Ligand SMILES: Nc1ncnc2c1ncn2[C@@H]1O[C@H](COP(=O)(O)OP(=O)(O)OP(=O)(O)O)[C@@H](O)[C@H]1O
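Heads up, the chain below is alone and in the form predicted alone; it's given as structure tokens.
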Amino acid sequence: MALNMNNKRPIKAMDDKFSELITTEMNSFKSKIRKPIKRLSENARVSHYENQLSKNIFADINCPTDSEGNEIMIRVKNLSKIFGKHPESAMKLLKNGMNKEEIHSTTPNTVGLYDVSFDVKKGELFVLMGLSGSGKSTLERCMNRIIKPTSGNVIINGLDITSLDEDDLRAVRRKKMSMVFQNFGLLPHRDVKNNVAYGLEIQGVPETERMEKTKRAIDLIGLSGYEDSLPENLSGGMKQRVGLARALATDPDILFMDEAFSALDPLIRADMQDELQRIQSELNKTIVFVTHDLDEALKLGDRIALMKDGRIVQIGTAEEILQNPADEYVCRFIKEVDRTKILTAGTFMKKPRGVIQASQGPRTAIKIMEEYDRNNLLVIDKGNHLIGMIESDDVLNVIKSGGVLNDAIIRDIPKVGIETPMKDVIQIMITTNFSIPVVNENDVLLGVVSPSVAAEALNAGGDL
């Protein structure tokens, strides 16, 4: 019996050793898989928490509207930012009439912004423009709370984000906003698709959905085929496209762009401006775009806020600023602008001095020409659609031959749209001797641009 017991001991020892080895290996395996599983679980919980948090934050909030019923996506109210110790003392000095330079020279504070207020409508491309130190970048960073304002309010989609704690603010940023910087901000070790997917990854979006959204964003900005390329193999313009795609991939309501194209070569910069306009026509995002370049601001902006010393000097469309500058500072700023590239036919068109319907007779045409002292008339149908033009010599020939007015109509005449730049209109005027008709997309006659009116309007602002 004792012999049998002794024979079993080596077998038991081997069994114990094998069990210990299996246990060690299993623990090692568990350790290897526990962390990524835990990380996935935490990401899922964070994503769920932030989605719920964002929904809860905006649950009882109504987006404000303006007098025309447009939704106000961003409302800035009496916003100020003072850098330095004891900003309240600088605020008092500002209220007492001191300017930015005086405060900087007499106190340890610097005025970033003072008492700034404006609205940005939903779907608007709103440009903040000014020279270096004007406060435009500080204002944008206060709008997304990268910088905390000294006083005032920033209201996003009806919610005052200046009152949020860090957790709520982080959730709102991830769901409502994206930002595109001047220096691209790409991760060098990640290829294009994984750079674009980064924001979605931070949000905890599952990989399959993340890659689908990433592909749509890459296709949208025209980088299909470069998904596996590293940043070091891309041109400056391509890198900026990746930065833009990364911002768009999260489908934000608001896109902040800070000097996004200023580091690019002029030709690439112009291409990126065109690309942004194309993307905006498709997506209709609310965009706040910071630039120091007036031509860029005039080209891109639905409206422009021109800044100086931390304050807004004037807000308006490109045409409003060019035609009615608010003060001498704005006048100097816009002095070198080629207005013919910015101002459009719609700015200068006037009601035509006499038109005739195609159904009327040639003798009526001659009478109207005599009344308005003209030798040509535009011809329309009963729906005010432009048909063409008649000239006095042709009408007289029709009368002599017993024909009808339709026989005298010149149908192939130049015409322009309401948004046609005056530069193009003037080129047409060089080869014609009549006013240029302005029509809509259905060829309805809206007005005409005469050489005298165009020259007078352009010269009116030429010496500002």
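From 1 onward, residues are counted along the sequence shown. If you're wondering where the values come from, they're calculated on a predicted model, not measured in any experiment.
From this point on, the text means the form predicted together with the ligand, which you will not see here.
Shown alone here, Glu275 lies farther than 4.5 Å from the ligand in the predicted complex, counting heavy atoms only. The closest heavy atom approach of Gly237 to the ligand in the predicted complex falls outside 4.5 Å. Arg173 falls outside the set of residues with a heavy atom inside 4.5 Å of the ligand in the predicted complex. In the predicted complex, the ligand sits within 4.5 Å of a heavy atom belonging to Phe83. Only one listed stretch (105-113, 193-201, 159-167, 243-251) carries heavy atoms within 4.5 Å of the ligand in the predicted complex, and that stretch is 105-113. Gly135 is the sole member of Gly301, Pro325, Gly135, Pro231 with a non-hydrogen atom within 4.5 Å of the ligand in the predicted complex. Out of the listed residues Glu259, Glu391, Asp119, Glu124, Glu259 is the one that sits within 4.5 Å of the ligand in the predicted complex by at least one heavy atom. Taking the ligand as positioned in the predicted complex, the only residue of 273-292 that brings a heavy atom within 4.5 Å of it is His292.
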